[in-house]
Structures are given as structure tokens and as C-alpha cells.
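Consider the single chain below, provided in C-alpha cells and representing the form predicted on its own.
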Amino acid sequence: MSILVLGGAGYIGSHTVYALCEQGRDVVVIDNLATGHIESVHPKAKFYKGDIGDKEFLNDVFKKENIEAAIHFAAFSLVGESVEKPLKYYENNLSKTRVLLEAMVENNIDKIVFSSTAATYGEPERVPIMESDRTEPTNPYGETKLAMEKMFKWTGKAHGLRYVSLRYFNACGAYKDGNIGEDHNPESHLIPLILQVPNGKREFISIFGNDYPTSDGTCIRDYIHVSDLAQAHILALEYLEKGGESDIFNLGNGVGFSVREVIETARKVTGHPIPAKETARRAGDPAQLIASSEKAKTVLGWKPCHDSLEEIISSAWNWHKNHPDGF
């Protein structure tokens, strides 16, 4: 039996495929390569280029491969773009997932692990954020991910599908051997943007806002190593394989680091001064986003192994300095 990884050529998807292959699992990857990279797919995984909105293509894959369960990473994820192009996000994230679920139901595939997001919560009522907290997304990206979760829920009630939704925060870092890492275009994540400075790709890093109600006035985020995220998806898969009920889990380190702390750690890791310039706040940036992952630790047995900020940035730097132009 094979595990189907949708969006397995993307950043978190490819790291999860590597972890599955290391376990000796048979892995099938589907990716349309809109944002993914064929070079990041593990050589042992079977790759199909195609779109999850193409039902004929999906049925063909399901007929050829003996699929046991799916892990779903195939969604657009740029918050700013989702505000400018909401219908693009509803089409890709929601409409195409509906097609995927139809194909899964028709082919009797009843388990899915979903790469969700902390953006489902919107502006947090409290920190750390609990799974039971209010969900009021502040952008179409978070809104579509929340709607996808609800689609899994109702499909489960009607057709017996079981799902785990993993809501996580700032994915970062790179694979231990430096073979694969983060390569987005445009890049919107803080750590790779900072590392563009020592790589000669930009002159300075911008700090958006210095007057937040935090220890140093800059935003605080929960950074989680991509390999720890990959492990959580595998634990969620094993939980479903053992008959676990549908559920939602936060994933984070439970510790927040400010923008200034991240920049300072990057200076230490790279040995580069990394000039920073302070500028105005960005609209919609909450002061703090930190997850409570107690539920994932208790139910799934998940434990982040790479939670030191220095280790996270060192692994990212190992990738970026050796691949300055990405894949």
C-alpha cells in the first residue's frame, strides 16, 4: 500500500516525502509544479505531474496505484496574494479539494492528513492558541483552509472519511543533509529573506513595526523546523491507520521569537552583520502567534527535536548558501 502526497514537490511536502521514504514507505507524489520543484522529489517516490482538480487524472492514478491514505499539501499559501486574488484561492484550495474528495470517495480511500494553518484562527484571543479557540480568519488564505477542514468533516460524516488537520505556524529550516530546502518565488518568509542578505541577494532586511506590545516592540512568532512538521504528518497518518477518530492539532514549539531575535541569531550563525531597517507595520500582522501543541504531544506522541532557533537557522543557512538561487 502506498501513501499519496499531494503537493509533494513543495517545501513541507518534499520534506515529508523524504521522511516517509526513510521509513521504507511506498510513496506516490502528485504535484502540478505550479510552485513545487521536481528536483525536490525523493528519487524513491513515484511522481505524477498533474492537478488535483483533474478528476480523470486522479482516477487514473488511483487505478494504477494501491493508495492507502493521502497527505494534502496542494494549496496556495501566500496571505498577501490571497487578499488580492481571493477567487484564485477559492478555486485552487477549495474547488480542487472538492474534486479530490469526490475521487477519494469513489475509490474508497478513507484517510487524509491535511496541512492546515494557524491562519484559521485569525487574531488570537489568547496566547498560546488552543485548538478549541475561536476561528475567525482575517484573510482568504485562512478562510479557504478553514473551509477545507469543514469539507473534510462533512465528507467524513457522509462517507466515512477520517482526517487529521494540522494547524501550524512558521515552517522553517531545511533537510539535514542540505539536499532540499525552502525555495519560494516570491519569497515571503522571514528566515529565508534574512538569509538573502549574507547571500548577496538583498542589502538589508526590513523590520515591519517596532511598537508592538512585545518585549522588543517587534512581532513574535512560533518557528518550527520543517523536519519536525514532516514527523507530525507521519504520526498523524499512523494515528489514522490505527483507527483514530478525525481531529485537529496545533503544531508549534510553544516558544515565540521576536523578529529582532531571529535577525540576531542569523547574524551569529552566518557571521554577517545583516543590516536591518525599521519601517511601518504591515496591515493584519498580529503582535504574537504562539501555539499550544500539548494535544499533539499527548495524542500523537509528537515531540519537536529541532526546536533551537540556532539549529533551525543553521540548517536553513546550510541550504541557502549552497543553493543561492534555489533549485
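Numbering starts at 1 and runs along the sequence shown. Note that the structure is a prediction, hence the values are computed from the model and not measured.
What follows is about the form predicted together with a small molecule, which we do not show.
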{"property": "Candidate site S188, V259 and D285: all three near the small molecule in the predicted bound form by heavy atom within 4.5 Å", "result": "yes"}
{"property": "N108 within 4.5 Å of the small molecule in the predicted bound form, heavy atoms", "result": "no"}
{"property": "C219: touches the small molecule in the predicted bound form, heavy atom cutoff 4.5 angstroms", "result": "yes"}
{"property": "Contact flag, T214 vs the small molecule in the predicted bound form, heavy atom cut 4.5 Å", "result": "no"}
{"property": "Close approach of L240 to the small molecule in the predicted bound form, 4.5 Å, heavy atom", "result": "no"}
{"property": "Region of this chain that lies against the small molecule in the predicted bound form, out of 86-94, 108-116, 200-208, 123-131 [heavy atom, 4.5 Å]", "result": "200-208"}
{"property": "Residue among N179, N170, S246, T135 with a heavy atom within 4.5 Å of the small molecule in the predicted bound form", "result": "N170"}
{"property": "Partner-contacting position among V99, L193, L235, V255 - heavy atom within 4.5 Å of the small molecule in the predicted bound form", "result": "L193"}
